[in-house]
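A single chain comes next, written as structure tokens; it is the form predicted on its own.
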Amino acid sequence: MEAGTVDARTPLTAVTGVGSRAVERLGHLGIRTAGDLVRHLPMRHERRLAERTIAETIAATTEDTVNVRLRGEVARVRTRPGPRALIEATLDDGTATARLVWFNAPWMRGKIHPGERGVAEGRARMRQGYLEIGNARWTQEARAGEVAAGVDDLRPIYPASEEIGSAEIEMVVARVLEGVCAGMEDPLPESYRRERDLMPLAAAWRAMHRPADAEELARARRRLAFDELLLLQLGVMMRRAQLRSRTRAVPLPVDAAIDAHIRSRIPFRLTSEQDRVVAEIAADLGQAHAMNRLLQGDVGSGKTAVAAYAMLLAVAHGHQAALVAPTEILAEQHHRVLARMLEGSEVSLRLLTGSTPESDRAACVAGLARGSIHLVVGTHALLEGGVAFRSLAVAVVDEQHRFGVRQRAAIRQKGQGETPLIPHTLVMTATPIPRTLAITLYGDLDLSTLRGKPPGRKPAVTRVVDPGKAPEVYSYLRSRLNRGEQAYVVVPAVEESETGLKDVTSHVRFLSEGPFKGLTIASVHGRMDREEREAQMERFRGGGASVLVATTVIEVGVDVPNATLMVVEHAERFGLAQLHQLRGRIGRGEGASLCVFIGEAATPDATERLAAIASSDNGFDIAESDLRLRGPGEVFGARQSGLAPFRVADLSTDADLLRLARADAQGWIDRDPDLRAAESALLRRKLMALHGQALGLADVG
């Protein structure tokens, strides 16, 4: 098939000049059509090096490595088998010879042969009198000429595999690029593009693969990044508009008497920050359309009290409220706090998790359906089909990042009992979200932020030490434990394994026979059943155990004011947000708290993570560091939310572009709420294909 007849849907098997082996190998990368191939963007661009003869290069090269580009004929190839398999080729250009060496690259055996001519590029140095290039990029001469034709000194470097290298992918892209770009429709009107200095879409895709220069590449990247951001913002704005215009909720107005009654149940005076957020939430709850709000606050900022206010407002009006948590430990903790708060009241409160005995579960489900249970706390078990409410008016979802859009939709459906109303929804997270990420993934939610901590919460002193200092750490902890304090010790594994990671069982034995001999040690992990885990937790909570050895099941939902000490083993194995959450388990009482992260950073990222956690106890600062180090896909990415990942946009650098896309999306949806206008048709089609299902938009007519 000629390039001119190729379009995005053309299978690679139908493209002239693309062999079956290349088709098979590209298929292993998920590339099956010409469109897939064009969307397989370069991960970076490198400047093509000027060619010099081998003799000129030898004269200019020392023992230091330099980038080189050499053209010549392969004089011989030899292989050396073994644990470090080596392939060595001699390249001759008539002026001298150079040695090309590949370690542990068996696929090169079929890619370089004596007698063929080509170009070798890479880092070279003089070694034992020879010019040597290690792991060179090798391109046969015909292909090198074909790829380079009409392109300047910027060369695309593609994500590749052992089976197929970047140079071969570049060659196949060259066969389909023009045809695919020629058939592209641009969803943005020309006048709109001109106002925002955006390249035409086809020109942008073409330039991403074969840029004329660095400036054109930057403009192409800007256009594609903007499109990604605009489509997602249109989706969340459309969803927000639909929720506001098409959903009805029961209004829950607050007056002075109700406010005073609810506050009398909260065992402390709300801070000014909590008062501000309560006012934002109460204003939403008083409306006839459903609240859809995200409450974010650092570890220990007092979100539970705010959530309790919202739920008790529903109960005060004769309706029901539910709180959904991602783990049983967190659900149990919330239930415990609310039970203390409601002691002696007429509010009926229940706990429903996967571990709830069947008879208790049946009674709870029946009570929710009748309306005799006013407030329920639970895990995903609350979202199951068999659970129905008589009149659910407020739903709270804790640790929002562990739930996706679909779970939020499922809890809203629970309100549709005897009426067509849906519950007001408050979602919470103790992992502060960088603003760029919040308005990208949660743009359909209004945002409330609790800053600071309630009185009495003290920051923990944080130390990062290498494993060699562990004996000193445990010796110091023993001196504090002897004074009546309590400690958490967090390890990454449940049972001993070949990984060499510390595990709960072995570490309890080590501590009880060594540094903590004579002390009572409790332990918890995710494989325990609820009764055993709760017994161990209660032992520690009540002071019957000085030490709790645990996995990260204690990351959220554990509140023991007397626990002032924490050690995290293999800290380099944990994410930054996770380390911050773990540290938040201490500093909840009057005593001075200490958190020691024992870790041996083997990568630059791990080094940065440990430095970041040591230098700040501010969750918002840590969230920004986490976004920079791991990127949005890992922090709160598509994997969790169900949204398609960005190919080009980068939230850590494209904040200005995001603001422009957000403002434009809001204006577009204000004018055309369902993107039904003729100029919006292609945008709507792209939006529905990419994000419609994840955002719950696919059912909109």
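A residue's number is simply how far along the shown sequence it sits, counting from 1. Keep in mind that this is a model prediction, so the values were computed, not measured.
The form predicted together with a small molecule exists for this protein as well; it is not shown, and the discussion that follows is about that form.
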>> Using a 4.5 Å heavy atom cut-off, which of 213-221, 487-495, 525-533, 265-273 contacts the small molecule in the model of the complex?
In response: 265-273
> Considering 121, 569, 617, 298, which brings a non-hydrogen atom within 4.5 Å of the small molecule in the model of the complex?
Replying inline: 298
>> Just to confirm, with a 4.5 Å cut-off on non-hydrogen atoms, which of 302, 156, 179, 599 contacts the small molecule in the model of the complex?
In response: 302
> With the cut-off set at 4.5 Å between non-hydrogen atoms, does residue 457 touch the small molecule in the model of the complex?
Replying inline: yes
>> Would you classify residue 541 as touching the small molecule in the model of the complex, given a 4.5 Å non-hydrogen atom cut-off?
In response: no
> Does the 4.5 Å heavy atom contact test between residue 259 and the small molecule in the model of the complex come out positive?
Replying inline: no
> Heavy atom to heavy atom, is residue 559 within 4.5 Å of the small molecule in the model of the complex?
Replying inline: yes
